Structure formats: C-alpha cells, structure tokens
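In structure tokens, the next block holds one chain alone, the form predicted alone.
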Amino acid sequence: MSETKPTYTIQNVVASASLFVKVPLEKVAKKLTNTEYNPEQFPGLVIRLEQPKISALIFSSGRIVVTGAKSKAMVEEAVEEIKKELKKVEIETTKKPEIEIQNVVASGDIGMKLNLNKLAFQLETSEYEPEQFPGLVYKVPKSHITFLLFGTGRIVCTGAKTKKEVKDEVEKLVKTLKKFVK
C-alpha cells in the first residue's frame, strides 16, 4: 500500500458570539437589504455579507451565529462587519463581542481505499446504511468528533473546535484505519 499523507481543507467554521445589546430585528430587516426576517418561521434574522462571504443569524438578545467562515480570523472579521451593518441602523455595540467556535468542518482525503462494509463491523461506534447514505458515520469514542468515511478515502470531519484538533483527529483516524485496512 502506498503511503500518502492525508490532506484536508477547512470548509466551514461555525461560531457564536454575543454583541451585549438588544437588537430590534424588525427595524434591522426594514433598513438593511442583505437580510431576511420571517418571525413566524424562525425567531432570528438572517444577514448575508459579501466581504467576508458568510451568513449569520442575529437574535433579538444580541446573540449571533456565524456560518460559512474558513477560519477564526474570518469569523472575527464577520462579527466586525455585522457591527458596522448594525451601526447603520443606529445599534451601537460598546462591549467587545465574545466569540466562541462551535464547530469546525473539514473535508479531505486519507489516501486509502476503504471497505465500508468491513469497517462497519470493525469500528464499534460506526453506522453504515448504504441504501440511506453512501458514507460510513464514525463517532470517535470518548470524543465529540464525527467522521463521514467514503470508500474512495474521502472524509468529512465535524465536531472539532480548532484546526489543530482536526489535524490531530485525522492523524488518529488514519492510525485506527491502518489496523483494519491491509
């Protein structure tokens, strides 16, 4: 078996933050064109930014959830842009937002073909129902990390909080899989 180093790319960083200010969502929705607000369907307002290209949910409590970022720095930039957008509607934030990374999603390739049928029996915390979904879902024991594994060697890692955690968990996954893949 040829040794290829696993490769992966961060696809999405989901973070939450508090602006420490109440946000009148209806007022924001009326004045900003890059928003969607339908309180009958969902209690938050969706705002889409072009730079950086992210989406965020803003709640009347001042909590926000940012999605679509590729790094923590991009999340921080997005929060600053959201503050600028809110300033246009005379909503001032005085306290520095507390940003917390909720989930880092990465996709990549571990460089080995996988027999998902066999792995489903060998990996205790896995689920594989090919008629439902073509990938094997592997919940890493004693962890909050979940991998989607595909026969081609492609992977998706979800549940990490940092880029380093993704790297460490992918390395552990490869070690684990090498025990079963000959």
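Numbering starts at 1 and follows the sequence shown. Remember, it's a predicted structure, so these values are computed and weren't measured experimentally.
From this point on, the text means the form predicted together with the DNA, which you will not see here.
Enquirer: Does the DNA get within 4.5 angstroms of any non-hydrogen atom of P52 in the predicted complex?
Expert: No, P52 stays farther than 4.5 Å from the DNA in the predicted complex.
Enquirer: Taking heavy atoms and a 4.5 Å cut-off, does T33 contact the DNA in the predicted complex?
Expert: Output for T33 is no: heavy atoms all beyond 4.5 Å of the DNA.
Enquirer: Is there a heavy atom of P141 no more than 4.5 Å from a heavy atom of the DNA in the predicted complex?
Expert: No, no contact at 4.5 Å.
Enquirer: So in the predicted complex, is the DNA close enough to L114 to count as touching (4.5 Å, heavy atoms)?
Expert: No, L114 sits far enough from the DNA in the predicted complex that none of its heavy atoms falls within 4.5 Å.
Enquirer: Give a yes or no on whether each residue among Q102, F133 and K161 has a heavy atom within 4.5 Å of the DNA in the predicted complex.
Expert: The answer is yes: all three residues contact the partner (heavy atom, 4.5 Å cut-off).
Enquirer: Taking heavy atoms and a 4.5 Å limit, what residues of 140-158 are near the DNA in the predicted complex?
Expert: Read in sequence order, the residues that approach the DNA (within 4.5 Å, in the predicted complex) are H144, T146, L148, F150, T152, R154, V156, T158.
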